[in-house]
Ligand SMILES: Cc1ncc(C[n+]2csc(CCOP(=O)(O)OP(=O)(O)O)c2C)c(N)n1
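Only one chain comes next, encoded as structure tokens, the form predicted on its own.
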């Protein structure tokens, strides 16, 4: 897909989500990515939504999607997707619906479910070879309930449940690697701030069968602490600093789709957000800043070698 093609699609159909997006926080990076994804997926879809920020898109009996919507508990979306996919396959087998009436099964969760509560059910669904697309909007915390730490919270960040001097002492889980270890059909990281890369990966995922994952960086003005109008810039900086590698894996083969080239220092990204402000004021936390930069340097050094 070229950039002209992408913009023509987006201009025609973003209103499908924008109208309902008023329930979301201004500048939501998850919604930014979801608009592009849904523009390409279209209405022949069933969204199985785990409890989280995007639940606010649907207020019974309405949703912003022209397709179908099923709400589940936080840990249950992959199990719900299995039931939906099985039901559709039975209807197809019995010729109660035609192939033109088949729907794509799409799981939609935040990182709290994808990295934590729903990981066991997800692993089982991948093991069974479930034909579904899993979309995780990753805002690196439990955003819908006040931004508590999650399995996706990055090292050094402050959250509602981690107010220590150095911020979160742990490390963000590598969900990409966890999925890739299962040898699914497709795994990719994406960002709404990089729409052409995102659109190409959605199209590729749609051409494949089996378990497929898109992990979308979801900058969160409310939880991260920055002006909502800076969402695109924050997303671009995450990529440029090497903190959010844009990559994909097809049957285990990993390719970086947009390497950052000469990477910017991670400070360039961290300084844009209040959740990292304690690393700079009232005095610089050289140790934690070094640890964050070192993690990024090690990652890219390993790949470049």
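Positions refer to the first chain, counted from 1. Computed from a predicted structure; not experimentally measured.
One more form of this protein, predicted in complex with the ligand, exists but is not displayed; see below.
Peer 1: Only one of 61-69, 263-271, 233-241, 45-53 gets a heavy atom within 4.5 Å of the ligand in the model of the complex; which is it?
Peer 2: Stretch 45-53 is the one.
Peer 1: So the ligand isn't shown here. In the model of the complex, which residue out of 168, 132, 142, 186 has a non-hydrogen atom within 4.5 Å of it?
Peer 2: For this set of options, the contacting one is 142.
Peer 1: Has each of 74, 111 and 137 got a heavy atom lying within 4.5 angstroms of the ligand in the model of the complex?
Peer 2: Yes: each residue has a heavy atom within 4.5 Å of the partner.
Peer 1: Although the partner isn't part of this model, could you tell me whether residue 180 comes within 4.5 Å of the ligand in the model of the complex, counting any heavy atom of the residue?
Peer 2: Close contact is absent here: in the model of the complex, residue 180 is far from the ligand, nothing within 4.5 Å, heavy atoms only.
Peer 1: Heavy atom to heavy atom, is residue 84 within 4.5 Å of the ligand in the model of the complex?
Peer 2: No, no contact at 4.5 Å.
Peer 1: May I ask you to state whether residue 117 is within 4.5 Å of the ligand in the model of the complex, using heavy atom distances?
Peer 2: It does: once the ligand is placed as it appears in the model of the complex, residue 117 has a heavy atom within 4.5 Å of it.
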